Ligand code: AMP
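Only one chain is shown below, in C-alpha cells, and it's the form predicted alone.
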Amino acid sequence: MSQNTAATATRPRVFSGVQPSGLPHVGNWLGAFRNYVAMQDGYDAIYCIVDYHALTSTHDAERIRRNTTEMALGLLALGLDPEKAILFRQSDRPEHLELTWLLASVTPVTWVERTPSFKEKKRNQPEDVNFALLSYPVLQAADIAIYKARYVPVGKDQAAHLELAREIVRAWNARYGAVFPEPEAVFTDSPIVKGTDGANKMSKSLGNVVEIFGEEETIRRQVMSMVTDTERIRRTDPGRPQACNVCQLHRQFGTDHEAIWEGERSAATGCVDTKRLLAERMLTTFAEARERHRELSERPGYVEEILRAGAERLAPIARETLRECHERMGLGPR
C-alpha cells in the first residue's frame, strides 16, 4: 500500500517520535496525539514509532514488537490518516543511526549528560545505565534532522530535549555549513496531564493512566479512582477546582467547565458526581476511535503494511540527507 500525503514544497514539514508503549492513553492524546491529528492537514507530517529509543530500557523483543503494533493501531484509530501523514517504524530507516554518529561528532559529552531524561533514567534504572541512555538525545536530534523537519509537536516537558536538538544541529551547521533547519517546538494546548494519583504525569510505568481503548467499566473504574481535592473531606465542603485534577480535565472534555467548577465551589456537586460525568464524557469523546480500533484490529497485517509503506516513502529523503552530510564531512569519494 502506498501512503499518499498531500505534501508539497510549500508545506512546512513536521516530525515527531513516540515511544512504543502499547495502546495510547488519555495523557498521550491530550499531551501530543491530538496535535498529531490536527497538524496532518496543514503540514507535511511525519510521525515515527521510535523502537530504537525503546532499547534504552526495554530488552524484551516481543514486548517491543507488540507495543509498536499497538501504538500504531491506536494512532490510526485516533484519526491519523495514512493518506495525509506518514507513519513509520524507526528501525525501518537505519539512516537515523548513521546520522546519529555524524551528529555525535560535534556534540560535547557535557551536553547529553545534563539532559533530564538521562538523569531520570539513571535514577530509575541504576542497574542498567547503558551507553544508549547517554546517546539518546543525539538520536533524537537525528530523528528530526534526517528529514529536515521544521516543527516538532511536543509536550512542554520535552522542551529541554528539543532545545538540545537545536543546539546539536546548530553546532553541525557551524562546522560543516547550513544543511539542517533548527527545529521549533509546537506545544500542545494542554499542560502536563496528571494521572489518577493526581500528582504525577500520566504514565503506564506509574500505573496511573486512564485508558482510551479498554473496557468501558475499566475506564469508569480508573476515572472513579482519581484523586481529587485532598482538602475536601465531606460532601458538603466547598471544593477547590484549581487544585482538583478531575476539574482540570473537564476543561478538555466539554465547554462548560466553569459551571462544573462553580458546582464544586458551592458544594452543589460532589467529587463523585464530577468523576462520573468525566468518565461518561471520555467514553463519548473516544467512542468513534474505539469503534475504529475494533475494526482495524480485525484486519491482520494492516498496521505492518502502513508502517513499511511509510518507511519506503521516506527512503529517498533520508538517503539524500546522508549524501549531503558525506559530501560536507569528507566521507567517501568526492
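From 1 onward, residues are counted along the sequence shown. Please read all numbers here as calculations on a predicted model, not as lab measurements.
The protein also exists as the form predicted in complex with adenosine monophosphate (AMP); that form is not presented, and the subsequent description refers to it.
Chemist: Any idea which of 280 to 288, 297 to 305, 263 to 271, 30 to 38 reaches within 4.5 Å of adenosine monophosphate (AMP) in the predicted bound form, heavy atoms considered?
Modeler: Only one stretch qualifies here: 30 to 38.
Chemist: T321: heavy atom within 4.5 Å of adenosine monophosphate (AMP) in the predicted bound form?
Modeler: Answer no; every heavy atom of T321 is more than 4.5 Å from adenosine monophosphate (AMP) in the predicted bound form.
Chemist: Residue-level contact is defined here as any heavy atom of the residue lying within 4.5 Å of adenosine monophosphate (AMP) in the predicted bound form; does K201 satisfy this criterion?
Modeler: Output for K201 is yes: heavy atoms within 4.5 Å of adenosine monophosphate (AMP).
Chemist: Determine whether any heavy atom of G155 comes within 4.5 Å of a heavy atom of adenosine monophosphate (AMP) in the predicted bound form, and answer yes or no.
Modeler: The answer is yes: G155 has a heavy atom within 4.5 Å of adenosine monophosphate (AMP).
Chemist: Taking heavy atoms and a 4.5 Å cut-off, does I212 contact adenosine monophosphate (AMP) in the predicted bound form?
Modeler: Because no heavy atom of I212 falls inside 4.5 Å of adenosine monophosphate (AMP) in the predicted bound form, the answer is no.
Chemist: With the partner absent here, would R166, N173 and C325 each sit within 4.5 Å of adenosine monophosphate (AMP) in the predicted bound form, counting heavy atoms only?
Modeler: No: none of R166, N173 and C325 comes within 4.5 Å of adenosine monophosphate (AMP) in the predicted bound form.
Chemist: Quick check on this chain: which one of M226, V193, I86, L103 has a heavy atom within 4.5 Å of adenosine monophosphate (AMP) in the predicted bound form?
Modeler: Of M226, V193, I86, L103, the residue with a heavy atom within 4.5 Å of adenosine monophosphate (AMP) in the predicted bound form is V193.
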